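Just one chain is shown here, as structure tokens, and it is the form predicted alone.
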Amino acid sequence: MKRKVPELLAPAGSLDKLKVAVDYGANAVYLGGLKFGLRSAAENFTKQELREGVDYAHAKGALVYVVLNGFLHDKDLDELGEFIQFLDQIKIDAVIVSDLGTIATISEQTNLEIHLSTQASCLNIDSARLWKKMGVTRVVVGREVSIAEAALIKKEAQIEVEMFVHGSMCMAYSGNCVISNFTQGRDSNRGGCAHSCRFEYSLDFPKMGLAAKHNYFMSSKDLSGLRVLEEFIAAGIDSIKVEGRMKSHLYAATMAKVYSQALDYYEEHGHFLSEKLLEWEDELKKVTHRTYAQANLIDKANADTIFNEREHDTELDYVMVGRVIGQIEDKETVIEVRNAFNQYDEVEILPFKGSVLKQGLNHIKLLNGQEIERSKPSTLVKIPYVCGAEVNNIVRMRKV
């Protein structure tokens, strides 16, 4: 018997990452155009890429949401009309918005479905009711909200609720941080966040008799809700969201694969009582991350959720070295190289479903058959045949 589970919403920082997330099981992706969003440093999408991305996702049964969650001034709103009409034309499934003026403009000029961004800090029932009156059909609740609180908002306001399940956390109330405005001259709420909360600061309290020390007191651990997925499901949360539009292809693939497999498992079995949970957790550790915590999902975040150390790669980090282009009969697998690897290295193919496929490289060949000792990025090479590998599978390798 199939059981209802939330939509899995994955980040798509580029057209390539959109395809990766959809191929690896995401039910929906969220992305930004060249303007009006909060990730100006991401690759983002041109109009042509938006059109192609929508076509690709829809062909595979996935939805596409576009973020328009920057706080806009009048001159921005003057330029917004043409863009949202284009989004309506290419059949974007929803837009994610934080500003009332933007909502009014979208409602007046299009038929687009409107989701409320977490930037609007919707934390309570009355707030959700008000946004619903404004035309919003789904609220992405603030990250300060617990699963239990989100369930109450959904029930009492009678509105769809979306929550973050994985990724980087912010030390401030979403949409209310201005630290990088003052430290870097970059507007946090208009796409320019410099992540100043991740920096090391010197704390000096001579009047209190405390010695000066260096500290990362504003940096948060990363969120991981894998262990409490059952609580999301029991609460009837409509969508669980993975943070990370600026993160790697490997991150997009890993998150979509792990969380979609977990939700599929629950749909089939009605529980997570399986050693698979340990396998999924191990996979989540293989992408660059800070220490994981559950933040506010169950109990309120406290001092234990501070990531009070320098950012560094962990020994479990893996890097994407390529993607599968095809198979030559049952003899060799063709790889498009993204990062160099050597003969005798061991690579891993990340299949769309099922366990990782490991392969030792007793040879690397160019397409003309010439053997080489080290591959070069942006080339095609042949490696020993990997049974079960499919076109567009991510190829990864442990960092050395």
Partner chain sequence: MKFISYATNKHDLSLLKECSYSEVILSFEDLNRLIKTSYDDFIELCQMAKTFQMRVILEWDVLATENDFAPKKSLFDSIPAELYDAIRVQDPGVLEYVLGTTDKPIQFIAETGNHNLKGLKVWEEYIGHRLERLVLSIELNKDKIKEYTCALKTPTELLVAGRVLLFYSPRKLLSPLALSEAKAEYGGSFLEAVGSSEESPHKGFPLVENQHGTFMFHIKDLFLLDRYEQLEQTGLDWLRIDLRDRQDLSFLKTLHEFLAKPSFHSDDLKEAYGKEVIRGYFQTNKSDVLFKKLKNYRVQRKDEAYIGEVVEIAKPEYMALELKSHLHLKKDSQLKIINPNGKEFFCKVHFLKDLAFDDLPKTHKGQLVLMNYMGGVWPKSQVYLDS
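Positions refer to the first chain, counted from 1. Please read all numbers here as calculations on a predicted model, not as lab measurements.
Keep in mind that the form predicted together with the partner chain is missing from the display, and what follows is about it.
Only one segment in the set 266-274, 88-96, 165-173, 252-260 has any non-hydrogen atom within 4.5 angstroms of the partner chain in the model of the complex, and it is 165-173. Only one of 83, 292, 71, 318 comes within 4.5 Å of the partner chain in the model of the complex through a heavy atom, and that residue is 71. Think of it this way: in the model of the complex, the partner chain has a heavy atom of just one of 228, 284, 152, 114 within 4.5 Å, and the residue is 152. Taking the partner from elsewhere, residue 239 is found to have every heavy atom lying beyond 4.5 Å of the partner chain in the model of the complex. Within 4.5 Å of any heavy atom of the partner chain in the model of the complex lies no heavy atom of residue 330.
Residue contact check for residue 278: none of its heavy atoms lie within 4.5 Å of the partner chain in the model of the complex. In the model of the complex, residue 23 stays away from the partner chain, with no heavy atom inside 4.5 Å. Contact with the partner chain in the model of the complex, defined as a heavy atom within 4.5 Å, is made by all three of 34, 105 and 206. Contacts to the partner chain in the model of the complex (heavy atom within 4.5 Å) from stretch 291-306: 300, 301, 303, 305, 306.
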